[in-house]
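Provided below as structure tokens are two forms of one protein chain, presented individually as structure 1 and structure 2.
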Structure 1
Amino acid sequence: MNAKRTDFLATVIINLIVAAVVGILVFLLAYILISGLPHVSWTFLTGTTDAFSGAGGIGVQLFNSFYLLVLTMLISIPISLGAGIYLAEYAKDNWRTSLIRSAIEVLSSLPSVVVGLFGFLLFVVKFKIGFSVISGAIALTFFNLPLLTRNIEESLSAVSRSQREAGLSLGLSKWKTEIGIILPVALPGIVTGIVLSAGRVFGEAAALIYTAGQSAPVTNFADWNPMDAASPLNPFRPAETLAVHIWKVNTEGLATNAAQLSAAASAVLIIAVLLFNLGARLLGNFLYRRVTASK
């Protein structure tokens, strides 16, 4: 009888815990969307920020976030692809490989603020590039590389060994087999991982405060020459992103409507991250069906 009562009690408690966890998420989303969405408007999404108070629109920040994301992905995808292929195909099971894996593990567990400080030290202090898009993108790459590498390695390793044997038995090189045969099969998993990591990169702020900087100089969206100082594509201009903007407004902003501003910006950020998550799933499933030819 006693055991049964304990069992019942435990079940009740666990159900309450689960309800609380779900409740927390619902509250978080509801709070952000309800308090933020009413302030999201076209002018907010495209307008410029008042440099002194931090009030105004988030057009430049939104652009910066996407620009940094694209640059980060352009740098980190090829590197992690090569590294993932190394681990899945070339790495032997020895102490050197386990050292490499530990190094990747260490990189992935470093706090993003430490990664950001390293970027700051290297690009801003040592190389004197200053707060810039490119410094930010490389810092984000450091932060992104270990996860992406692991994801790519896992996706490649999950492809059946018989596919590798098929390629090799036809006289294809290991490299060609990996790129031409294995990679297409592993693509759904890899793409899902890339899009998910894009969501993470999009919301990251700590690594950017001292690399991409905390100011969003007004840029001339009619000038697409990356060499021009005012061009939005110039990789050497400082670029406050949306996530950094939210932090900035909340900690140092002088805007009277800081709470509204950050609620609205948070809502936009959350929606973007949700879209990345959803997109990862849909794209992954779609590619999976294409690759396996199942309808």
Structure 2
Amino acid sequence: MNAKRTDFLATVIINLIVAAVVGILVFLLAYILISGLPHVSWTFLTGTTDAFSGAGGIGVQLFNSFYLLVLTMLISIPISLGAGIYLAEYAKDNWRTSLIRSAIEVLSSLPSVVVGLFGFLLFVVKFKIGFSVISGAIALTFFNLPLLTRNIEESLSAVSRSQREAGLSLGLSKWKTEIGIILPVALPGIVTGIVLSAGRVFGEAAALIYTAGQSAPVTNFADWNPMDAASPLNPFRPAETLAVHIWKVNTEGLATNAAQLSAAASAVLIIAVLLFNLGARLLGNFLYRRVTASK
């Protein structure tokens, strides 16, 4: 077999593999959306769920998902940013740095259910916080930290060394160079990673079953005092998220239309995750054009 025929055969095989992967993805998305979207309505998106049968809308679960996502990102972004800057700019190439990177790799490979059980034993049982939004947010922070840290480190490391040398040659300190020059250049990649990780957190279920709980108590959306028990902003109340709700309806739902409810909620979840991914790409491209002054 000559080189041209080998190259042609390899190209065909690669294209077939790519087409198969894309086809499976399109089939799954089409199946979920076609099955679920006909059952989605404004009442479904804003209504409340019956605690016993699981019937009704997903308004509370949808709010819980976004609220828990915001709390998780507020906790994990500053920690990941500091860790990423340290590993990319200040950490020496020694056994300590290798140990930190190995720990990050191990933490990122843990199954989410293991993270959830850890959060259950530590926050729910040991610290007696109970099933709550804050327990779920902290558990998801452990789940999210390795990915964000690695993304920020790689984004900073990808910046040209000449940028650092230019800042230092102007008399700036290393920290001023990092904040004023390196970080803005790396910002498109960092923001893209943050938005993608937010989409992953939004769709997480296993870790939240053991930490945030499987119930959605009635909340008063007219009460925005986070200290009140009925307030939606209370971080110490149980909070069933949309992903957990889908699992619960499929496994324990007693409603006669449980399959339709699950399909509709799955379609909403898929659309939200797709919007996160599309937003990450658009926002990353926009920031890249702003930083590089390109069209």
Partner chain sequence: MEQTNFQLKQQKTQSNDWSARLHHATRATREDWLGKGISYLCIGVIILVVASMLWFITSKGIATFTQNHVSLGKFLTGTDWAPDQGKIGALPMIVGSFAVTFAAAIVATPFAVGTAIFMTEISPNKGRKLLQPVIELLVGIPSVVYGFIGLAVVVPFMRSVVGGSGFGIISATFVLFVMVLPTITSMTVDSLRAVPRHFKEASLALGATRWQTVSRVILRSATPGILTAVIFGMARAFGEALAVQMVIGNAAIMPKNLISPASTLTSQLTTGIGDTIDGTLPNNALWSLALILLLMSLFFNALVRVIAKRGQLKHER
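Please read these numbers as outputs of a predicted model, since none were measured by experiment. Structure 1's sequence is the ruler for residue numbers, which start at 1. Take the two forms, superpose them, and find the largest set of C-alpha atoms that agree within 1.5 Å; that set is the rigid core.
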Checklist outcome for this item: Structure holding the form predicted together with the partner chain is number 1
Next on the checklist: Superposing on the rigid core, I want to see if I14 changes position between structure 1 and structure 2 - specifically a Cα shift of 2 Å or more.
Outcome noted: yes
Checklist entry - Is the C-alpha displacement of I79 equal to or greater than 2 Å between structure 1 and structure 2 once the rigid core has been superposed? => result no
Next on the checklist: Aligned on the rigid core, do the two forms place the Cα of L170 2 Å or more apart, comparing between structure 1 and structure 2?
Outcome noted: yes
Checklist outcome for this item: Between-form comparison on the rigid core puts the Cα shift of G23 between structure 1 and structure 2, in Å, at 2.9
